[in-house]
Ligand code: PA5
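Quick setup: one chain, the form predicted on its own, written in structure tokens, and binding and motion questions come after.
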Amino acid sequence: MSVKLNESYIGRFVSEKDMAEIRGEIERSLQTVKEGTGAGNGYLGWRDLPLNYRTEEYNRIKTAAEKIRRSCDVFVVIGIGGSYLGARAAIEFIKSPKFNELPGTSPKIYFSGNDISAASLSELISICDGKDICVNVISKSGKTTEPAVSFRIFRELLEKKYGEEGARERIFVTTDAHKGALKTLADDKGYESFVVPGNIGGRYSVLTSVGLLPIAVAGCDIDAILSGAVKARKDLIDAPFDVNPCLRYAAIRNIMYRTGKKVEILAAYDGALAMLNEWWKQLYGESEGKEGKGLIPDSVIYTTDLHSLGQMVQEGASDENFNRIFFETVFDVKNARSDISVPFDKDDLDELNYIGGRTLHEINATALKATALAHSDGNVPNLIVELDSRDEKTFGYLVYFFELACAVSGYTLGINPFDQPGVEAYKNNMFALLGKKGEKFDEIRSKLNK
């Protein structure tokens, strides 16, 4: 289990001279992470988490997960951003994006509180009708609008269904250790609680109780996930630049940015990685998108999106000098969990007999190579991230790989990779327009009218 970089498709875009010139910056940024001397250094708890995860709370997570698996048909995870993306990414990567539809899946796991869609919440409530339900609400403050609304509705539903005493056994809270509206409610109601670490930001929190409880309920081996992260830390934190894929990834994306690339597209050839792509987009978007800087993180699932965005990537957006604005980072999962061969057909009306007997995994892998070559020929560099398989250890390794690369890349970019001041702007406007006490309703309304 490891993460390897295949740089064979970027050779004409990133030279060894480019890498040599940026090496010192990358190494200094890594040292900043290791020594904790940079901006946002109060949020470096993820850095050494793999060394210290076997705690009393970790054992309680396992116990609670077993209790939930025995107690309910439907497990509702309420959270937004880093409070749900990592867990959902893990479940779909390790198990399946069709997890709830697979035979024998119990409990079914649904995610709520990540939007304000009445239709979405109504449909989930309908799914829960007549079934036993457990809820895990994840919020550091308890006041984030989307999950707070969803939890208020589900708490009322559970208390009506089971009574206050019964609901207490079915509501699990992941929040701040000491303060906040949700912490106060959990203490008052007696809900079992887990801690959102104060020194780990939401987008870096998937390997904490934030992600591990839902992941464990799905039947994933969280010991194996953490062991993958342990190995990643051992492999990546001290390895020299020339043989360190994490540092080389951070270097390449900064070189791309400096040479005019504006968009990094994360591509996968399996829908099971779609939510992993979404987690990555938050990690890099919130970490680097500030002070007018940063690559725009986008994602695609190939070969599906080759039939929608493929033309744009191949021949589309360029800058004023006709230089392409994209580069692609591409997941290549080497070992298939299962496979299907293409049958022969005597009539061959669809003209597929030339691939008769070949497996879909082989054909998909060929599509990856063909696309990487075509896009590179179209002046869109392709960096291949090779994974052994879709298992727990690989997931844990990959999470740590991207978290460390993000911190190093952010410091190299010259920003604080651990804050997100811009996310408050829309919230403040929304609060004012909805009439929240103390907000500047008249000022915001005046801006809208103009």
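Residues carry their position along the shown sequence, with the first being 1. If you're wondering where the values come from, they're calculated on a predicted model, not measured in any experiment.
The same protein also exists as the form predicted in complex with the ligand; that form is not shown, yet it is the one meant from here on.
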* Region of this chain that lies against the ligand in the predicted complex, out of 226 to 234, 196 to 204, 268 to 276, 183 to 191 [heavy atom, 4.5 Å] -> 196 to 204
* Asked: Among Ser112, Thr144, Thr329, Asn254, which has any heavy atom within 4.5 Å of the ligand in the predicted complex?
  -> Thr144
* The unique member of Gln282, Gln314, Ser120, Thr359 whose heavy atoms fall within 4.5 Å of the ligand in the predicted complex -> Gln282
* Does Ile222 reach the ligand in the predicted complex if we count a contact as any heavy atom within 4.5 Å? -> no
* **Interface membership of Thr32, the ligand in the predicted complex, 4.5 Å heavy atom rule** => no
* Could you confirm whether Glu288 comes within 4.5 Å of the ligand in the predicted complex, counting heavy atoms only? => no
* Asked: Going by a heavy atom distance of 4.5 Å, is Asn136 a contact of the ligand in the predicted complex?
  -> no
* To do: Within 4.5 Å of the ligand in the predicted complex, which residues of 59 to 95 have a heavy atom? Give them in sequence order, or say none.
  => Ile80, Gly81, Gly82, Ser83
